[in-house]
Structures are given as structure tokens and as C-alpha cells.
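The chain below stands alone and is given in C-alpha cells; this is the form predicted on its own.
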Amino acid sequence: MPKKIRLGILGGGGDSLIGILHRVASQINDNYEIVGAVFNPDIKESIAFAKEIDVPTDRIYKDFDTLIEEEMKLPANKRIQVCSILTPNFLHFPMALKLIENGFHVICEKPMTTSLEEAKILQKAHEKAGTVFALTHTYTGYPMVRQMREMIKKGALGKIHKVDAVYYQGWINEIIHDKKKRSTVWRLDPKKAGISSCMGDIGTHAFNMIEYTTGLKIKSLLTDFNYLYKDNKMDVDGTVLIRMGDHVKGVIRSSQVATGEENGLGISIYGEKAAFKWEQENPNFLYMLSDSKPTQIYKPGHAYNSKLSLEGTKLPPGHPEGIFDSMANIYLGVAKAIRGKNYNDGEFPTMTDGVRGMNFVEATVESNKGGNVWVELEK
């Protein structure tokens, strides 16, 4: 197989933050080449954008269906191998399903779908196809998050009894208080974003971070949402109590109206022997706390780190790495899978994580609508 994997992009044109993130991440480890795309619903804008970023325009298609149709006419050694879906939420499911059914590998932004039912349909199609599917819970790509996961696996904390995950942003605060503005943002439109804004967009990251690092599954939850205005149908703030066992409990705190907050994802995990603390805005520092020893600080690139952490570190110690590198580590893991190489199951989130995420979102909405009651997640 040639070195470069042929990559297609759906969405992410113009000044899209997520578009830049994926494109740069795909290039960092020299594994991908963008060969086709639908960057924008307007073909003229798509072509103009392709020229701007120096992508050949001969396979810039007018829409998604045309991309599938024309790519399937090409010989297997020429057509797109994997497509990245960077569109609004409501397009994730139909695009991913058609790609899978036509034999393409998929890298998809989260949430994977807008409902648990859709997620299960996608899961069945994926099982039948046997292709590679990655869900971009980007923060799992940080070396110190991976280090935390590997150390917990080896018993560094002992029995876990408390988890506190938080994801605070403030960007909707400037929009939500203006009735006209809040009616124009797609994340506050149930037809485009699904049944949840805050919990579906960022709360799922906190949920995934808990299950990714601890290896535990959240079994039940109780939710309290805040919508701020009666005409706003989407949650913009929420608190979720979680149970992972009879004596393993925690909380997920998530908000898009936390005034002044930027991208405040963090997790604290408390066990019988020690605890871990990590924050996304300071991703190169993993703190290990103890009742009997001084606080230890783990940093990327050092030989004391796990293989999974070190393989996700590109620079020597003391050289900061960030969100682009984190996403790049997911793309690296996908490249290994596409090429049939061995890889750690922590290198990229999968279809299973997508189904779990939608189960979480629907359970939080059900709990809140039911009057803040406990809801069981599927096993």
C-alpha cells in the first residue's frame, strides 16, 4: 500500500475551526493526502476554497451523493479510502451510513448521530462492512490523557470511588440572551443539532473522557438542565450525577454559558491509593495526588511514560504540544488500522464510543424531562 492514504473531506470549508483542525492533523504524520471533497454546499465556494488550500479541483464535487457516485466509478487504487465528516450533526448519520455501505472508512466528528436508534443502525452496518470507523473525541489523543489511562489500567489509583469531570465554555453566553441571535445558531436548532446542545456537544466529551481513562462504564445518571429561556428548546448548561457501581460515583458538569470560560475540559479521578487531575487548557501536566506523598507531575516525552503516551508525543520534553497534535494522534491510529497494522485500542474512539455517547445524551434528556430522575444506560 502506498504511503499516503487517500482522504476525502465533507464540510469544514471556509473559516471552519474544525476543518482546519482535521486538515492539519491529517498532515502531521505524513499519512494522508486530500484527494476529494465537498467543502461547502455551494460548488463555487467549494472549488474556490480548494484552490485556496492548494487541493486539486478535479474531484471537488457539487454534493455528497455525487462524491459517492463518481468515486465508485474509479478503480479501487485511485478512489478515496477514508472520508472525514465535519458537517453539522444532522448530516453525520446519513453520510456515515452511505460511506460504510459503499466500503469507505470513516472518521466522524461527534456526536456520531442525532439519536441512539441511528447509532445502532450505523453500528450494524459497520459490523457487516468490516471497515474502520473513528469518532473524533479529540482529547483522547493527548499524551497525558493516554498516560493516565495506561497507569489506571495498571492499578496506580487502586479501586476508583469518585470521578469529577467538567467541561465549561462561555461562547453561547453572548448569543443566548438575544432572541434573534439564538434563533439563528444551528447548535440551538433541534433539527440540525439533535435533542441536546450542551450535553450533546461538550458533555459527551466529559462522558467519554471518564470511560476512556477509567475503563469503567457509567451505569446510570440523573440530570438537571438549564435552558435559560422558555423559547429556547436546547440545553445550554447541565449537571449530571453518575453511578458506575454501588460505591463508584461522580459528576459531570457541563456549560456553554459559563461566562469567561474558554475550553475548560478537566477530569479528576480519585482512588483508594491516589488521584489524577488533568486539564485540557494545560494538557502537558498530569498531576498525581496522594495522602502520603508529595504531588507528582507527569509530562510528555519522558522515558517514564507508557508506550501509548510516547507514541503520541512528537517533540522532546519541554516543547508544548496541543490540540492539533492530539487530533493527529487519532488520525495516526486510524492510519495504522486502515493499513492492517497492530495498534493500541486506546489510539482512537470507535463506533462503540459513538453508541455509548448517544445513549448518554438520550439518557440525560430523559432524566431531565422526567423530573430529574435516575435513568439506566444500556449495558
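Predicted, not measured: the structure shown is a model, and the values here were computed from it. Residue numbers run from 1 along the displayed sequence.
Another form, the form predicted together with a further copy of the same chain, is not on view; read the next lines as being about it.
Student: Lys124, Lys341 and Phe360: each with a heavy atom within 4.5 Å of a further copy of the same chain in the predicted bound form?
Tutor: Heavy-atom distance to a further copy of the same chain in the predicted bound form: none of the three under 4.5 Å.
Student: Within 4.5 Å, heavy atoms only, one stretch in 77-85, 254-262, 112-120, 185-193 touches a further copy of the same chain in the predicted bound form. Which?
Tutor: Heavy-atom contact with the partner occurs in 254-262.
Student: In the predicted bound form, is there a heavy atom of a further copy of the same chain that lies within 4.5 Å of any heavy atom of Lys314, even though the partner is absent here?
Tutor: So Lys314 counts as contacting a further copy of the same chain.
Student: Looking at the partner-bound form in the predicted bound form, is Gly266 within 4.5 Å of a further copy of the same chain by any heavy atom?
Tutor: Output for Gly266 is no: heavy atoms all beyond 4.5 Å of a further copy of the same chain.
Student: Can you check whether Leu310 is within 4.5 Å of a further copy of the same chain in the predicted bound form, heavy atom basis?
Tutor: Looking in the predicted bound form, residue contacts with a further copy of the same chain do not include Leu310, since no heavy atom lies within 4.5 Å.
Student: Considering only heavy atoms, tell me if His319 and a further copy of the same chain come within 4.5 Å of each other in the predicted bound form.
Tutor: Close contact exists here: in the predicted bound form, His319 approaches a further copy of the same chain to within 4.5 Å, heavy atoms only.
Student: Consider the chain as shown here, without its partner, and state which of Glu150, Glu71, Glu211, Asp237 has a heavy atom within 4.5 Å of a further copy of the same chain in the predicted bound form.
Tutor: Selected option: Asp237.
Student: With the partner left out here, which residues of 283-313 have a non-hydrogen atom within 4.5 Å of a further copy of the same chain in the predicted bound form?
Tutor: Sequence-ordered list: Pro283, Phe285, Tyr287, Leu289, Ser290, Asp291, Ser292, Lys293, Pro294, Thr295, Gln296, Ile297, Tyr298, Lys299, His302, Tyr304.
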